[in-house]
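Subsequent text provides structure tokens for two forms of one protein chain, presented individually as structure 1 and structure 2.
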Structure 1
Amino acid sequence: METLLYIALFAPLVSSMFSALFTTTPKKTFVGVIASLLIFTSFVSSSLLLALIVVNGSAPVHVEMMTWMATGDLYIPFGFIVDEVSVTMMMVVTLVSTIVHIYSIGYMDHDKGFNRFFAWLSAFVFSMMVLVMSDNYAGLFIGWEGVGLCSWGLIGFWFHKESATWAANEAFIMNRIADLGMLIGIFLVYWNTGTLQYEGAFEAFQTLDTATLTWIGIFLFIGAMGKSAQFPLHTWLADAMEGPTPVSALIHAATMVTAGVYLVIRSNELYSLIPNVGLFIASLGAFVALFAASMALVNRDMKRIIAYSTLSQLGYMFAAAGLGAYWVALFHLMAHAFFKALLFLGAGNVMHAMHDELDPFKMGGLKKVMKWTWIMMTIASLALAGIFPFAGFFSKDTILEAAFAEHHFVIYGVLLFTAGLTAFYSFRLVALIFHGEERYKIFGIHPHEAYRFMLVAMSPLLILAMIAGVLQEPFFHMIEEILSAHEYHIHSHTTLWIMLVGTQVFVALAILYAYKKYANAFIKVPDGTSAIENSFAYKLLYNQYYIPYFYEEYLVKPYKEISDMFWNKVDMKIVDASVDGIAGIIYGTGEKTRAMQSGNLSTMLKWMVVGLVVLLSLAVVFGLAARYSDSITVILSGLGVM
């Protein structure tokens, strides 16, 4: 089993290193093929590990490759663990990564950076595997920073575009701000427990006071807020859509942005001891779910709408984890990865067909020429909306049941209302893209369906979006071995059925309203002149509640002005001037004294005489000072100097 662990972990690294060998050469299709095969190898190994753990009831696989740090009482190994939680994440990461790699062979076919793209993409997968497989917080943090670096490289992959480099820097910097909080949390773990190993730290948590645990939980969650784009560190996620669409499918739907949720789930034994922090996490998650959904209602960028949807669903996951329903959060993480990656890849098909056009109002009627993409995106949207019997119904409904069963009715109400908004904006997008008048003809665009192998690559996600819900019970029985899992049931069957039917009716009505409003043949491309577009509510949502504007005007610009001032006034006129002045003095002294080394015999004899006179003078002075030291002391005392 250790061999399988190493294959699952290091196959993506080999894939990245292999692809990196060709980054300076023209596009070679075999680079993408071999990279995809190596990621598939990691998926197969992860699948076998899952089978051994679940079917055979094997104990978790725990290996220590070597010592990483050992000084004093600090001992951190390169250790990895495969248990029910980590193997679930391994399966999600490697399955979606395999599909995205294969899909990218077609999507990036005409891109000059084809080979470089696969090097970055595989490096990201390796970093993500380190994150989820490490058996300690230090190893998790290494993977955490690795996915941050790879995300920077992939978001800014088209670095010739200023918007892409800006988005990459925004994501990187905002995550570093959050990671400072996470580092403090990790330091607090070691300071109070003497270890960073999960097992040892979790045992020590039982003996710590609530105040200490609260601070640890808060600082670790700050790191999770940045990586999972929770308010107020959320603005980078939508801007990160500047990267290639396969990047959005892998990083910003299925893997990296869920790392914060994984951190809370992995630290469940900590958060179970501090329910007040858990309630804050759940409340923030519910707020973010509604907050992000509201912004998706009016947005006119296809990828940004799906990104806001991801942000909203992350809120659902944190709501579940904060309420102590850790297995429910993990199940929704898994189900969401399938249908959201499918949505993003479908959006990639549409972008290719529409020559990178992102405004759904400029599309319409595409189902006639993109039948399979229409089917896939419609089913993915049904799963996202939580329509029975698709995957999202089972995972989202269980979160609602958990909130209701725990008597957090405000959180339940917010999440229920958000479900309706989710259904509306999801099918607003589907209606605008695939139904109604063929508005794209006005712009001279001739759309076409994606390559057949790209559609075939997407088919596993389509199947899982439809059937993943049936895995809920087996998943629950597997995960209860490691998480303090329990099923959430409403005691009254009547209440339960009212909730289920009511939610489905509410969501269905939202879908019908979206179709009625946006699927007709006379939708006009908005030009900013309608009463709705000029309303305060529309502008508020369209401008993201003016939060990016606030950050730019009151944080970024003042910081830049202060930096410019310190650069001009302090750095240039004091620091640089001091260094340059010292260098000038030394250089000038050297220029004036270089005559001493002219090689002229008479000149050198003169300098020897000067040196001899100086030495003799110093000898006389020090000799007299030593002989008459007492007299000198008396004289100085009389003068009041000493």
Structure 2
Amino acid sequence: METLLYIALFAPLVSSMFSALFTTTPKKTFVGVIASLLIFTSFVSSSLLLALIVVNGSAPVHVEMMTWMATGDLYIPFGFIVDEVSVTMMMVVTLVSTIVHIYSIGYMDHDKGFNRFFAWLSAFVFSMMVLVMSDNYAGLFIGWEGVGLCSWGLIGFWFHKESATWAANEAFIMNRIADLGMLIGIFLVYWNTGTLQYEGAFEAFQTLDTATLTWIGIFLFIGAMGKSAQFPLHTWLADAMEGPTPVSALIHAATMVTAGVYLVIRSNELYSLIPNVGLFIASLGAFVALFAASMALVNRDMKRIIAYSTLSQLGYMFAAAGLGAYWVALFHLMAHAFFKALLFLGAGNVMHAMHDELDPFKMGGLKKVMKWTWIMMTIASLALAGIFPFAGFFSKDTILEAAFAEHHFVIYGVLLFTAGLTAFYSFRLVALIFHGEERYKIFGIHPHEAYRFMLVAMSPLLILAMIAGVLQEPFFHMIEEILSAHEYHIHSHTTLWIMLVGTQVFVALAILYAYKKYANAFIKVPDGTSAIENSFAYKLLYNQYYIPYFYEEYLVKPYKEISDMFWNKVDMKIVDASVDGIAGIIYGTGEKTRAMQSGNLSTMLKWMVVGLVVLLSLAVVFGLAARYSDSITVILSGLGVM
């Protein structure tokens, strides 16, 4: 079992280092093949571990590889644990990674950074595995920062593009802001429990007072907010779409951004002790779900629309996790990984066909030339919208049920409304891309379907997006114990059925409306003249509520200006100038008094006399003072001085 664990963990690292050997050489297809094989090995090992745990019901595999840091009372090993939670994550990560690796062989076909791409991509998988498998917060933090680094390298993969490198830096720095919160959370855990191991820390949490636990919960959640792009740290995710599309599928949809959700689920023993923080998390999640969905309604960038939908779904996950329905959150995380990765890879096919065009208004009618992509994206969108019997129905509806059963009706309402929006914008996208007139012809593009093997690689995701729902029961039974999960039952059956059918009808209507509005022949490429484009709401949404603008104007620019001021004004003009000033005074004094040492005998004799007088008078004063010291003391003490 330990061997399996190490294979699952280190195969991606080997893959990354192998690919890295070829970074400076021209494209070699075998690099991609070997990398994919190694990631697949990791997937097989993870599956075997899953089988061992689920079928054999064996205890979690817990290994300690070696010491990392040990000083004072601090002891941090490289320890890894494979239990029900981490094995679920490992399955998701390795499965999607394998598919994305294979897909990338085709997608990055003509890119001269082909080998480098696989080095980064596999490094990402390794970091993600460290993140989910570590048995302590410090190990989690290694993976946490590691995925941030790889995300930086992959968003900025096409580093000749200013927008890409800018987005990469934005993502890194924004994540760093959140990581500070996470780091403080880790410090709090250490100084209050004396350990960073989950096991010991969770045990100690039971005895801590609520105030401390609340702080720990808040700071750890700040870390989660950055990685999972929750408001107000969400802007980097949409900009991260500058990276190659397989990266968006793997990192910015299926895995890395769910790390925050994973952290909350992993720390469930902490968060179930502080329901107030949980409620905050759930409320923020619900808010982000709606907030992100609203921005997706009007956007005209295919990848950004999917990115906002990711953001929105992350909100759902946090809503579930915050309400204590950790298993539901984890299940939605898994289901979402499948259909969202599928959606992104489909978008990648479209982009390839359309020569990197991203505006769906410039597409239309693509279903004729890209039949399989059309089918895949439609099914992925159905799953995302939560239509029975696709994956999203089971995972998302359970979140709604959980919110309802916990009597958080506001959260329920928001999430329900968002489900409608989700269906609308998803099918707006599908309708614009695949239906209606063939608007791309104006631009002289001749689209073509993706390579056959890319489609085959995507097929497991297609199947999972369709049938993941049947996994719900087994998943629940597997995870039941570790997450102290319970099923959410709405008391009356009538209510349940009304809810289920109502939701389905609502969502279906949203889909139909989207089709009606966008799948017709009258859609034109917007030119900014129509009334709706000039309405306030449209502009607000299109500009992402002006939040990026606000950050740019009120944070980035002032930071630059203050930095310049600190350098030019404070450091040079004040700090350094006073040093030079003091030196100047000393130098100047020397310069002035140099005349005394002119070597002229008469001048020097004069100064000698001055010196003699000064010395003599000093001697007289001190002599008198010594002689009459007693009476002086008396006088001074009389005056109250001494």
Partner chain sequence: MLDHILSILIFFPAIAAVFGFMIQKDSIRAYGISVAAIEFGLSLWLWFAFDGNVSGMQFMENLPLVPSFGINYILGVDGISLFIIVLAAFFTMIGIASLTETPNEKNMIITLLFLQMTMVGVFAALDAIVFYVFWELSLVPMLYIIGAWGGPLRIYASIKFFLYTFAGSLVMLVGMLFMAYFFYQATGVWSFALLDWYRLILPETFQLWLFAAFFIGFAIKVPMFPFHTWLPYAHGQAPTIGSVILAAILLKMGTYAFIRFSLPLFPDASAAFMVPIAVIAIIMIIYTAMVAYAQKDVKQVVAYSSISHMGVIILGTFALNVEGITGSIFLMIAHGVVSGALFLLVGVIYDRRHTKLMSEFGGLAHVMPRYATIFGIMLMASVGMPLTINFVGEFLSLLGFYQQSHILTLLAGTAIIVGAIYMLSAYKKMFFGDVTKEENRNLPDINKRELVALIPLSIITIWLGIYPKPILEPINNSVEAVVQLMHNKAQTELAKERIPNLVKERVLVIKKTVIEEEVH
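For numbering, take structure 1's sequence and count from 1. The structure presented is a predicted model; accordingly, all values stated were derived computationally and were not measured. Whichever C-alpha set is largest while still superposing within 1.5 Å between the two forms counts as the rigid core.
Visitor: Would you indicate whether the form predicted alone is structure 1 or structure 2?
Guide: Pick structure 1 here.
Visitor: Once both forms sit on the same rigid core, is the C-alpha displacement of Lys569 at or above 2 Å between structure 1 and structure 2?
Guide: Yes.
Visitor: Would you say whether Leu21 is displaced between structure 1 and structure 2, judging by a C-alpha shift of 2 Å or more on the superposed rigid core?
Guide: After core superposition, the C-alpha of Leu21 moves less than 2 Å between structure 1 and structure 2.
Visitor: On a rigid core superposition, how far has the CA of Ile586 moved between structure 1 and structure 2, in Å, if you could check?
Guide: Rounded to one decimal, the shift is 16.6 Å.
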